[in-house]
Structure formats: C-alpha cells, structure tokens
Ligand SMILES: Nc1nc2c(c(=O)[nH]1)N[C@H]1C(S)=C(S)[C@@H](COP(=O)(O)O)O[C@H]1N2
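Coming up is one lone chain in structure tokens, specifically the form predicted alone.
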Amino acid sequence: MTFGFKGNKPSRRQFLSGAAAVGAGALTATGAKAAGDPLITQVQDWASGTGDGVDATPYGLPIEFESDVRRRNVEWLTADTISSINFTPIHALDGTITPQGCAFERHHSGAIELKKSDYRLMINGLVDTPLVFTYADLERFPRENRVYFCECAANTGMEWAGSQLNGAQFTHGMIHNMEYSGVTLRTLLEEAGLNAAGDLKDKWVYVEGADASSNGRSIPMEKALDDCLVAFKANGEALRKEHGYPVRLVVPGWEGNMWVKWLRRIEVTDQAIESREETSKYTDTLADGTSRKWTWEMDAKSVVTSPSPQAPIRHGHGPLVITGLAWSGRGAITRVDVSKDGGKTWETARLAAPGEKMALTRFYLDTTWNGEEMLLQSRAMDETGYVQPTKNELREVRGLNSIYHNNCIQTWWIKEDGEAENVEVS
C-alpha cells in the first residue's frame, strides 16, 4: 500500500482512509498488523490489576521507559567534572520548553547548596543607596515571566576543525529554553538609585556569583536596564541547584557565561572589570592570534534533532517528520529551511509557532523517505535578516582558532538503513 501526498506532505485524510481500507491486512512499514496482534486481542498485565496510588511518587519522575532521556557529559572534554559541562538531550525532546531535569549545566567550581534563608544579594558601587536583599525581599517586587534560551558560547565549539561528536546532544546540546520568573534587574537598580552614576550611557554593572569560582561578568548598563531578569523560578518551580538555586541572572540572547548563577553581587561601575571570564576566556581568537571581545550576542543557529545520529529512522519507509530547533540572540526566528542534499536545494520548514525573541523555535518538515541517502541540514533566518552561515563562511572570517560562537550549518548523513552520522559539508 502507498500513501497519497500533496507535494511532499502526507495527506492525513488519505493516510486514515488508506489504513481503514487495509482492514485486517498489514499497513506499511509505519504500522502494525491489526489482525491477531496480542496487544489488541489479549488483556495485558497493565489492565489486569491496579496501578500506583497517587502518593507513590510525591515529586513526579519520568517513567523508567524514558530513562535514556538524560543529560550526558563528555569525559575527555575537561580534566574534572567539578569544572565541566553536560548536555541537554535535544534529540529526544519535542516542543521548545526544556524540562529542568534535562537542561544542560555548566560549572566553574561545582554546583553549591545555598539555602533561601542564607541568601543575600548586594547592590553597590555607583548607586545612591547600597542595598542588600534577602530572598524574601525579592519575592515582594513586581514579577515577570519570560521564556528565553540559554546557550553556552562553546556550544558546537568542538566542531570548528571538522566533525567530532556523533550526536545532536553533543554538538548542540549546551542549550536549554525555559520560562523564568523573577524581578527585572532594572527594578532592583532603580530601587538602589542611579543618580550617583550620572550619565548612564558609559556605565556598566559587574555581576558576581556566590560559588568558589567567583564567576563574574561585566554587562553594559544599556543591556542591564533592558531585559535582564533576576530569576528565582524556572518552568514554574524553584531553580534546580545546578541552575543557580535560589537566584540566578538571566541575560536574554547573550552567552550563557553571563547568566551568573547563585547571584550575590551587582556593582554599578564606570568601566568593564575585565575579569578572567571576559579576557582569557569567552573571547574569539582569530587566525592571526588576536581575539574579538564583547561578542555577547548569540547569532542565529539551528539544528535538525531528528533524524540524527542519536535519533535514527526506525520506522521504515514512508511518511517522515524532520524536526529541529532554531534560535537567535538578536531577535525572533522568522524562517527555517531544510536541505536533504547537503545544501544544493532547500525547502521551507513549518514553524510550530511564530518565533519569539531570544527563545527556541521548533520547526517541522513533513516529507516522505524511501531509503534514499540524505545529507540533512537546516538553515535559520531571524528578524534582522541574518542568515545562518556555513562553516566555511565562518572560517573565512575567523580561521580555526576559535572555540566559541560556532553557529554554522550542521550536516547529518542519513544512510539507507536509517542510521545517521555527523559529517561536514561546508
């Protein structure tokens, strides 16, 4: 049996009518045999008795059958997991919101345990009145809820010199997308008063965490007063320890290192502090050995999450949903194109919802697959008109010395058996 298609898209009506016409016969590689299937004709164990009571799991956990959907690290990436990173299983997720338990984590001296009752946030420097807030103080300010992605600047960084890691989780999984609840940074700065700072156009804030690394970053005052959020909830619940419980900074669209966790101090200054994390680290080294600095914004980027090396095609020939994620730190995603032939031709994908500023966008291409090899790519465009580049286009500008801000087009080689491999088509 074959399915009817309108262009490249399977027709749901023809799919269903075709299935009904088959009746007791076999469907296709995408279906099962209706007649004689014991999962239909016999009473199963799960329907033969009672299940768990409502108090069996006071805090809900994933079912054991989904135990493979988890964060993973790369053992050889860093000398110790205390100062390391793990990766979101983006290949196994759908939609755009990342569950906190799957959201990638990056630490410079390990995740610390800090109780709400022990939490303090200080605002000092060029302010009218230096202030110290408790956690309870922060809860009393007007609150906002915003969905933003957080991406490590090193996401995809290992791919600069060529294809390295065989899975979307490892090439692009240093990212998550959550709904944050908190107080705007502007609100707290205005509470302390900014008259003492004078003209704000050349002022900065230096933000610092409470962990042993004292991770700190300088942020231009313009950004601090724009959309930064002092957050204490994510996806409706308290931040996880690894994400900065009880309070972290959210810096929409900008590299994750600036999203300081366990936020303890905000200092208004008349210059950038030039800390370690903004000089020796998180700068882009060019071919001639010089480095770009202040490369905060994350450029438009996308990746096909399925099919991919960790999510091969298992259902056989017929209808296939190609899906992935796109994002931009400069605004909303407006379009994503998908190529099956390594960039020779492109088809415009369907966005699951209109793109939102500094948030992940899910895209789908509903197509058909009959066992042909594919060189699968995606290419994102944002509202500024920026188009995601190839790796060679990036190399022409930056060479091979960079670690950070690799937003190149990714290629998966889909083989005849449905397995996939990370390859480079530049």
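Residue indices: 1-based, along the sequence shown. Computed from a predicted structure; not experimentally measured.
There is another form of the same protein, the form predicted together with this ligand; it is not shown, and what comes next is about it.
K.L.:
I need the one stretch from 235 to 243, 309 to 317, 121 to 129, 185 to 193 whose residues put non-hydrogen atoms within 4.5 angstroms of this ligand in the predicted bound form.
P.N.:
Only one stretch qualifies here: 235 to 243.
K.L.:
Can you work out which of Gly329, Pro89, Gly209, Gly167 has a heavy atom no more than 4.5 Å from this ligand in the predicted bound form?
P.N.:
Going through each option in turn, the one that passes is Gly209.
K.L.:
Note which of Thr96, Ser275, Thr285, Ser213 lies within 4.5 Å of this ligand in the predicted bound form, where distance is taken over heavy atoms; exactly one does.
P.N.:
Checking each option against this ligand in the predicted bound form, the one that comes within 4.5 Å is Ser213.
K.L.:
So in the predicted bound form, is this ligand close enough to Asn257 to count as touching (4.5 Å, heavy atoms)?
P.N.:
The answer is yes: Asn257 has a heavy atom within 4.5 Å of this ligand.
K.L.:
Spell out, yes or no, whether the shortest heavy atom distance between Asp337 and this ligand in the predicted bound form is within 4.5 Å.
P.N.:
Outside the cut-off, so no.
K.L.:
Report yes if any heavy atom of Ala300 sits within 4.5 Å of a heavy atom of this ligand in the predicted bound form; otherwise report no.
P.N.:
Because no heavy atom of Ala300 falls inside 4.5 Å of this ligand in the predicted bound form, the answer is no.
K.L.:
Test of understanding: in the predicted bound form, would Cys152 fall inside 4.5 Å of this ligand by heavy atoms?
P.N.:
Yes - in the predicted bound form, heavy atoms of Cys152 and this ligand come within 4.5 Å of each other.
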